Every structure is written in C-alpha cells, then in structure tokens.
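What follows is a single chain, given as structure tokens, in the form predicted alone.
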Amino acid sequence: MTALKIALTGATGGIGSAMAQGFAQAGHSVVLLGRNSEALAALRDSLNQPERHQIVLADLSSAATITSLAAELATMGNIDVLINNAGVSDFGLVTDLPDDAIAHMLQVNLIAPILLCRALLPLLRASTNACIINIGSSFGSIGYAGFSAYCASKFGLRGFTEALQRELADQPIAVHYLAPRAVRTTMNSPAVVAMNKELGNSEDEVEIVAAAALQLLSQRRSCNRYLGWPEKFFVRLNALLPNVVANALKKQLPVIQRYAKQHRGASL
C-alpha cells in the first residue's frame, strides 16, 4: 500500500492510540490531533519512526478552533486521509443529562466531523488516495436507553456519512463509516462496564477497531462496516423490525435505569 498522510482526531484515546500505532507500523505518517500536548508527544515518541509524525493541538468543542485547525493542516502539505475518531459519551437518562453535556456530545461527535470534512475537502481532492473514515457506533443505528444524546450524535454522523458518500460519488474520495460495538476504553465509566457485564454485552479490544480502520484505507469504494456479533445483526434487524428489538431491549430497562442512577450519583 502507498504510504499515506493521515489526520487522526482523538489520537490519544484508546482507539486513537491503537490506530496511530497500527498506521505507523504499516508505514503511514500520522498527524496526531488532540488536546493534551504531553500525551500527544508521548504517543508520537512511541510510534514507529517518530520523526515521520506530527502533533497538532486541537479542541474540537470549538467551531472557531476547527477553522484555524484546517488552516494549520493546510500548511503541512498533502493530507490523504481524515479519520474523525474523537468522541465523547455521557451515560444517563435524558431527564438527568445537563444541557452542557448534551451540547458537548453533539459538538464533538457530530458537528466537528461535519466541519472538518468540509474544511479538508480541498486537501483531500488533491490526493490520489483520498479517504475519510468516520468512526460511528452500533448506537448510531440502534437507539439505546441511557445513551439518548450519544445515540442522537451517532445517528447524525451515520446520516451525514451516507449523504457525503452520495455527494462525492463522482469524485475519487472514499468515504467510510466504521461502527464498533462496545469497546474497552476509559470512555466507559465503571457503571457502564458493570452494566455491560451484567447484561452480557461484549466489549472489543481497541486493536480490533484499529485493524478494521487499517483495512479500510485500501478500500477505494465507499462503504459502511459494522463490528461485532450479534450487534451487526441487530443493526439490520432494527432497520427492518424495530419493534422486535424494542421489545427485547425493554427487558433490560430496569438494569439500565439502576446503573444510570448509580453513574449520575457518582458524577455529582
């Protein structure tokens, strides 16, 4: 595979770090985007051939920052790939979610990827191997109690990706939507980890998501990829027979409500 220059948001998170390691090992150059300069520097130093990789401080919770970020990336020369990986989640019943938590999830998970895609399209159009990978979630296709605002952001990202795939169908830019199921990262609070264990929900290691992203770099046709069984089956079932899935998930509601109250109490 041709060596690519990849702009990766949320680089120091669990999935982001695993992707950075995988990309660097495959010979690609990575522009590591994140908010913590020390964590970014430590990550770069841990990568294969660290001198090939760059660091850019970026706070995606600000639309103004995204505009300046795009301008800074433009000064770095070519960008072949944009991976919108940064994401936040706040577990809780919708009646308990603060306004700022809802706004933050929508900004980072949905608005920032839209603005970054728009801003970086001129750079991507100049590449012969252009690719966008938006990291979604199985919760972008299945509404799940306790994650209403997070689901809204990922449903929106899936819809945006689908529309962008069709909008760029006459251009050589592959646009992918990669949807993991639950992943073992620090994004999950202790309450969420305990809830998943009690409900029997499987969690993947970050390396599984990173490997899937690496495979998508060579996929020249836009596609959507869902990870995990039976989650990807339920994605299709929910699209065809949502009431069947709703009735199955209703049985989990008392457990979800109990852990949601536990999580909110711990966060106060």
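A residue's number is simply how far along the shown sequence it sits, counting from 1. Being a predicted model, the structure only gives us computed values, none of them experimental.
This protein has a second form, the form predicted in complex with a small molecule, left out of what is shown; the following refers to that one.
> Given that the small molecule is left out here, which of M195, V183, L164, C117 has a heavy atom within 4.5 Å of it in the predicted complex?
So the residue touching the small molecule in the predicted complex, by this definition, is V183.
> The small molecule isn't shown here, but in the predicted complex which of L82, M105, A86, V175 has a heavy atom within 4.5 Å of it?
Exactly one listed residue reaches within 4.5 Å, namely A86.
> Check G92, S141 and N201: does every one of them have a heavy atom within 4.5 Å of the small molecule in the predicted complex?
Answer is no for this spot.
> Going by heavy atoms within 4.5 Å, which of 167-175, 122-130, 149-157, 71-79 lines up against the small molecule in the predicted complex?
It is 149-157 that comes within 4.5 Å of the partner.
> Since only the chain is shown here, I'm wondering whether A11 would be in contact with the small molecule in the predicted complex (any heavy atom pair within 4.5 Å).
It does: once the small molecule is placed as it appears in the predicted complex, A11 has a heavy atom within 4.5 Å of it.
> Would D59 sit within 4.5 Å of the small molecule in the predicted complex, counting heavy atoms only?
Flag for D59 set to yes.
> Taking the small molecule as it sits in the predicted complex, is R35 near enough to touch it, meaning that at least one heavy atom pair lies within 4.5 angstroms?
R35: contacts the small molecule in the predicted complex.
> Does any part of S189 reach within 4.5 Å of the small molecule in the predicted complex? Heavy atoms only, please.
Looking in the predicted complex, residue contacts with the small molecule do not include S189, since no heavy atom lies within 4.5 Å.
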